[in-house]
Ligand code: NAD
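Only one chain comes next, encoded as structure tokens, the form predicted on its own.
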């Protein structure tokens, strides 16, 4: 028998131990997977409306427990309670109710008109649950990114294996409590607490039918390779190095406020944070001055100031070192820190909110994901240069274009290599359930969210039937035996169908 491994949750503001739980063994995980597979039969057989009622109940319980959950997020991740309520809990409350209302219509059988043999045949699509779905979630938005992915397969009739980050096991437990209080049947929702390597081995293979992974590009690549061995579909939401483009027709103070928020939210620990800011050269100096003043005014929530603050700590010593190394490397190559630039002394993993100028496109700070409160700013001359700089990245999660000119916004946005583009806001597409959350290049594959996203957790099966029962008793002319008469008839019929299709096309125009 090997030594039992524990998973520790650390308060990043103080370095103190918050929680320590025993990691599940391989045997424990396999037992849980079997329970999920068994429960999938009865859960998937329930009417969609019944499953929706369960999820609505989760929403009602969340409204009661919101404050307690926000406090847990605050302790584990370091973000302000207000930020947890706004960016995590309120959005999920909306998701729970809205999806519960829409799911019955989206998952209902759907008639499909067919143009060929439509007189004889009728078709429809039916949406059957897949079975077991794995959700692997990160620590930076431990509630929103988890619940936002868990809801979909549950409504679709699948059972869920949910693996939270090892750094946010307390939040994972809170999510488990929500579903227990809602009285979901045993085995429908299953919390898996284990190291990431074990999750990759045990949760990305049959009987699992779909995997949703949110995390680093490196870990996502391993999950994709593992899933490919078993032909399991995956959705990967991975790293980012998001660009914001600021043009000279904007209100500079307004744009500066929005850019600072997009760069510093959650201490910059968002895959879709603004990590590169490109500003038109004729407003560069004024824009930078305003950004620096706004960043210097931000309140950092150190151990002495944990009630009223804007920016919390980085999540770990490891993440703090990554940020320090990138900033130090940029400064060593000639960049200037006009605000911040250093670790904050004292307990916890705090780094000063930082603004860098005189950066170059080939610096690590402009190429590698930082995941910290750092905003590097470069000047550009015109639209072409701005687009070229923004697209010069192996990542492509989201981007933003700050201009009052709607034509310019749309033309630039269409050419940016990113999964979603916002005007006068950043990373905002993830807040709207109707829009896909997705990345291109090394930022991921597949998508999450959208109303139609419910169907991806089902198997869409076409059913083709005869319109009239007696037609089923007629011998089909295309059956055996073949003959020259049949060949000539098919040839003539094909020409007729082609001409008919051309006529219909002209009429449609």
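All values derive from a computational prediction rather than experimental measurement. Positions refer to the first chain, counted from 1.
There is another form of this protein, the form predicted in complex with the ligand, and it is not shown here; the text below is about that form.
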Heavy atom of residue 267 within 4.5 Å of the ligand in the predicted complex: no
Proximity of residue 376 to the ligand in the predicted complex, heavy atoms at 4.5 Å: no
Residue 76 within 4.5 Å of the ligand in the predicted complex, heavy atoms: no
Contact test in the predicted complex: residue 279 vs the ligand, heavy atoms, 4.5 Å: no
Contact stretch among 346-354, 102-110, 377-385, 194-202 - heavy atom within 4.5 Å of the ligand in the predicted complex: 194-202
In the predicted complex, the residue from 358, 253, 425, 222 that sits within 4.5 Å of the ligand by heavy atoms: 222
Option touching the ligand, based on a heavy atom within 4.5 Å in the predicted complex, out of 402, 287, 437, 189: 437
Candidate site 37, 42 and 130: all three near the ligand in the predicted complex by heavy atom within 4.5 Å: no
Within 133-154, the residues that have a heavy atom no more than 4.5 Å from the ligand in the predicted complex: 136, 137, 138, 139, 140, 145
